[in-house]
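Quick heads-up: it's one chain on its own, the form predicted on its own, in C-alpha cells.
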C-alpha cells in the first residue's frame, strides 16, 4: 500500500534494528485519512471471505480494525488487555507477550460477541513475533468460530511472526512488509525482491 509506505518513510522513526516508531500516525496520534484508506484496503483484500466480525486488540488495533469493519459493514470487537469490572461472565481469555513492551497480558473478550457461526477477520497494527495475532486467533477458536484471515498494517518480515501464522494455516495480508531496519533505514520487502 503505497500511501502507508510513504507515511512510514516520511514520518516513521527507526529506533533500532527491531523497533520502528509510528506514533505520529498509527499508534499514538492517528491519521484519520490514512485509517480510512487502510480500512478500504483490508476490505478489498477480504471482500470475498464473508466476514461477520472484525477482532482486534486494544489500543493500537482499534483504529484500523474499526475502519475495516466499517468498510465490511460488520461489528468490530476489541480484546481488552485489562480486566473490566463489567466483563465478568462467559469470558474468553488468552495470554499475549509483547516483546516491544516486554510484558505479558491476559487478553479477554465476552463470549456473547463471538459465536460458532462467525467468520472473523483479525486486524492488528504490527506483526513481529506473532503473539498478539495468535492470542486473538485463540479467542476465536475458543468461541468455535473461524479465523477468515489476519490483516496487518505493518509487518516486520525479518521476525518470525508470519512464519508462525503460516504454519498454523492462517492467511496473512500485510499492507506494508518491512525487510530491514538496518542502518536507521526502512527497507520494504518488495524492494529486495521478496514475494508477498
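Numbering follows the first chain given and starts at 1. Keep in mind that what you see is a predicted model, and the values were worked out from it rather than measured.
Heads up, the form predicted together with a further copy of the same chain isn't pictured, but that's what we're talking about next.
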property: Heavy atom of residue 162 within 4.5 Å of a further copy of the same chain in the predicted complex; result: no
property: 4.5 Å heavy atom contact, residue 93 and a further copy of the same chain in the predicted complex; result: no
property: Contact test in the predicted complex: residue 24 vs a further copy of the same chain, heavy atoms, 4.5 Å; result: yes
property: Partner contact for residue 128 in the predicted complex: a further copy of the same chain, 4.5 angstroms, heavy atom; result: no
property: Option touching a further copy of the same chain, based on a heavy atom within 4.5 Å in the predicted complex, out of 49, 146, 142, 60; result: 60
property: a further copy of the same chain in the predicted complex: contacting segment from 130 to 138, 167 to 175, 30 to 38, 146 to 154, heavy atom within 4.5 Å; result: 30 to 38
property: Heavy atom distance at most 4.5 Å to a further copy of the same chain in the predicted complex, all of 8, 14 and 44; result: no
property: Partner contacts for 163 to 177, taking a further copy of the same chain in the predicted complex and a 4.5 Å heavy atom cut-off; result: none
